[in-house]
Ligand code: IVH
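Single chain ahead, by itself, as structure tokens, in the form predicted on its own.
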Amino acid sequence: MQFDSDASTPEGALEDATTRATQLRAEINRANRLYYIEDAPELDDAEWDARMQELLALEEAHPELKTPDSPTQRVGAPPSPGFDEVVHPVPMLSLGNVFDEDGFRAWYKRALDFLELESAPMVCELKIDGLALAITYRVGVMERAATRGDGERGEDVTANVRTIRSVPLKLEGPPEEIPPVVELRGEVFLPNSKFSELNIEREAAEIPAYVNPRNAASGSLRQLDSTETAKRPLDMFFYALGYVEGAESPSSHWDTLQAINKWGGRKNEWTRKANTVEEVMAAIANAGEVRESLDYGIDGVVIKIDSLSLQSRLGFVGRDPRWAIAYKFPAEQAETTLKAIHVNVGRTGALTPWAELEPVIVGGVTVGRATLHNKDEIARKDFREGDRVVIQRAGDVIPQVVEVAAKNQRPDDSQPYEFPDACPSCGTETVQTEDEAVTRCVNGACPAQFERLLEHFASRGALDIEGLGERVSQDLPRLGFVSNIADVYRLHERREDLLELEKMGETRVDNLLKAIEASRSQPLSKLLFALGIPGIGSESAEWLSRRFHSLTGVKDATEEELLAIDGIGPIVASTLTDYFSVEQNRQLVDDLIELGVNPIDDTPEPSADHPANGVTFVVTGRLETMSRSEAQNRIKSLGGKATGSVTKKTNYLVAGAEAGSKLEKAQRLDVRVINESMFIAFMEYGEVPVRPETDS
């Protein structure tokens, strides 16, 4: 259903708009999580863009529908567990999209009208299909590399980025020409020529192949063992400066790219200047022509206003900069026959339908299967077995069924597809919350999802059981050693049987059993996250742990009690209660407790009387007596909020050494700035001392 943003809105239509906006937010948030966290994209770029544009139009027409958690207010998704969190000093925001010349002309006109100018030079860059990265150099030496994550917070992947040969470990040039601190931003990718080789190696090792080069790049960059990343032929193009400290920035984006290249950062040689719309469109046409000859994927062209002072004047609107836009290429399409509809069950129990197709060539690749997204999408577009359908490769990689072909002719006995009400693997009745498009099996012992769940359970961000990786997580269930999570803690009874397994000698078996035993001492929040409950990430697991203190407490929590937790919304609350309404899941908790896996969170509740309760802090710069993470944890323990960006709603900026741009912004916004000793006094005694010291 599409809504006319210019139409008047009677009460009934507003109700329809509210329902549609809620559905769009759920679908986009799910797509973001799958794309950025699980590396299992469900929507192609065109489908995602269509949903986002519709939601933007709805919220523009009905400002009352805009919510703080709307995907229009944020970028991407939160960082996945397993890596330290990095707060970006300057947010890594995304770009708005246009799809034709009219859309681009409208964007350019808005920018010029805002600036009250007749023209503004631009720079055109290929939009690389990779993973955005920010690398900080201090005194010319690489200090930290972080993924974009949700734009505010990313993952620290420094050790892995050091293995990428096109990334300089030390910037080149005379020291006086290199800023004391500078952040370079760019895109990590896997060359197309290396993608097939990597998948051949994975298949030979009986490891699932990557879906596309972008997923391969993401998976390679986020290996917990950097020696594995070093084996992957990753590459990188740099396209911007995040921030500069102690030196003047170049005056234009073009000069910025030249400076980065001079320092040893690789820039894309295709990049070109443009002074008019016609020159931009010629550049886009050229990009389309050379696309097939490139050794990396592109899905469009990024156009930026060249002058950095004009960029600063233009600023941002919502999540997008006014000074840049992405011109997206259309996806290639073809027609074929939908032979059969199948359903897969994923780690979180999501039932994902896919189409078995009569093989057809799309964009030079033979496609025999494609995603159908979810139950609602099948019903909305009325896909049926035997239909003639249109398919496209999402992002030129992931095949998806778009629609029923215009000339489709159905036989008289054609029937609508009936989505299974029970899990095709274990037979458990499926659930679908009102605000979520995905249908789930909530049986934690479901065989189809258990192998991936077991690997997640043992991952570093969860219970950190070394030795229980991907291969072992597949072998143990298939060979009958474990059928649910509790069985992991019974493996010591089968040591002799484990010794018989291939590549599992005495040392490896004993180390695995020791790691399992050590995992008993992990905190409750880690265990809750490890269980793989849909919607429960590492942060929400901490909230549950502090509120309910034990596995039993969480298991027996009511939906009302869950909704009372700041940060837990109706979708997560409903999903959690659905999970624990399944007898197998309640039994799993009882079994874990009986086996001695029963961590208790005795962290005291934040004092409602402490002045930090409900107060918003931003911590920046280098602190002497604690890390920034420790300071943020201290704030949270007292009921305060630790955020990554300075806004008018920020109460205090805690400024350490070399505080940088956040300090300047706090001063502009008249946010109270305190130093480390004042912060400690506030945490300990409940009040900020009156200076004699300065506030910075």
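Note that residue numbering begins at 1 and tracks the sequence as displayed. Because the structure is predicted, anything quoted here is derived from the model rather than measured.
The same protein also has a form predicted in complex with the ligand, omitted here; what follows describes it.
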Scan Thr337, Thr428, Ser218, Ser94 and let me know which has any heavy atom within 4.5 Å of the ligand in the model of the complex. Ser94
Tell me, which of His88, Arg440, His373, Lys127 has a heavy atom within 4.5 angstroms of the ligand in the model of the complex? Lys127
Taking the shortest heavy atom distance, is Lys267 within 4.5 Å of the ligand in the model of the complex? no
Contact of Pro477 with the ligand in the model of the complex (heavy atom, 4.5 Å): no
Does any heavy atom of Arg153 come within 4.5 Å of a heavy atom of the ligand in the model of the complex? no
Would Ala132 show up as a contact with the ligand in the model of the complex if we use heavy atoms at 4.5 Å? yes
Looking at 119 to 127, 449 to 457, 492 to 500, 525 to 533, which stretch has residues with any non-hydrogen atom within 4.5 Å of the ligand in the model of the complex? 119 to 127
On the criterion of a non-hydrogen atom at 4.5 angstroms or closer, are Glu187, Val302 and Pro321 all touching the ligand in the model of the complex? yes
